[in-house]
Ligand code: ADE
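Let's start with one chain on its own, the form predicted alone, as structure tokens.
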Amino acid sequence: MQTNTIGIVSAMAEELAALQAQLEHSHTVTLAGRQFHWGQLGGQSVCLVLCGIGKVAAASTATLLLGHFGVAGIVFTGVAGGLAEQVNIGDVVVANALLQHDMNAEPLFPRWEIPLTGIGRFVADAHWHQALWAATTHVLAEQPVRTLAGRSLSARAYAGLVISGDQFVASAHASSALRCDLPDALAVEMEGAALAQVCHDWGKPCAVLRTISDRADDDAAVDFPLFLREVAAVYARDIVLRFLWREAPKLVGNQG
């Protein structure tokens, strides 16, 4: 089955809820322990699904969306830890490439390369990346500051490398090691590169959007649940809706 439906995946229930609240003409299909919410957002046919945390969870969900349901492509939205010095809490990163920082099959294969593929960095689909970037910059121009518990967070948009691994990076030592190994990495998370690998295998586009919730170090600078609800979920909702309304019809065709 092939459709013009866009899959929208989140790892956190709060972000999915913010988008699901906007879903029209919806119905839900349960498969492999996941609830796939079908409907319309911004005039575009979509399927929203919570994948859970980690690379296997993301890859399994992406495979179901592409192989079983035949979606046209996938947008992933979630939070991440900032790695690059200029990337701060509240900023938004759109991945133009994704890499699994915990993949290491040396000496048989170069570090970070997925064995037998010759690929270490999965480059985002150019058209989908540009469309998501356009939606992101538009929303941040309208909402450059979010308030969290009386603190103003000024948001800037960045595009670049996002890295993924099955570990929660929450120490200065770990984040420093990642910056040393991958100095162009903007952010670190736990799902995006696995989803990108599956989309590559299926020949389908994907785009990854991340709001920076922390600096991937020892300092818990914000109330994470509150940040998720008041900042990350709001940006995810508004950026994805903008992407679907203005950009997605150009990429997959308007279903009318």
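Not measured: the values here are computed from a predicted model. One rule holds for the numbers: they count along the sequence shown, beginning at 1.
There is another form of this protein, the form predicted together with the ligand, and it is not shown here; the text below is about that form.
The candidate stretches are 154-162, 138-146, 73-81, 113-121, and the one lying within 4.5 Å of the ligand in the predicted bound form by heavy atoms is 73-81. Screening 216, 51, 199, 41 for any heavy atom within 4.5 Å of the ligand in the predicted bound form leaves a single hit, 216.
The contact with the ligand in the predicted bound form, taken as any heavy atom within 4.5 Å, belongs to 167 out of 167, 176, 104, 88. Using a 4.5 Å cutoff between non-hydrogen atoms, residue 188 counts as a contact of the ligand in the predicted bound form.
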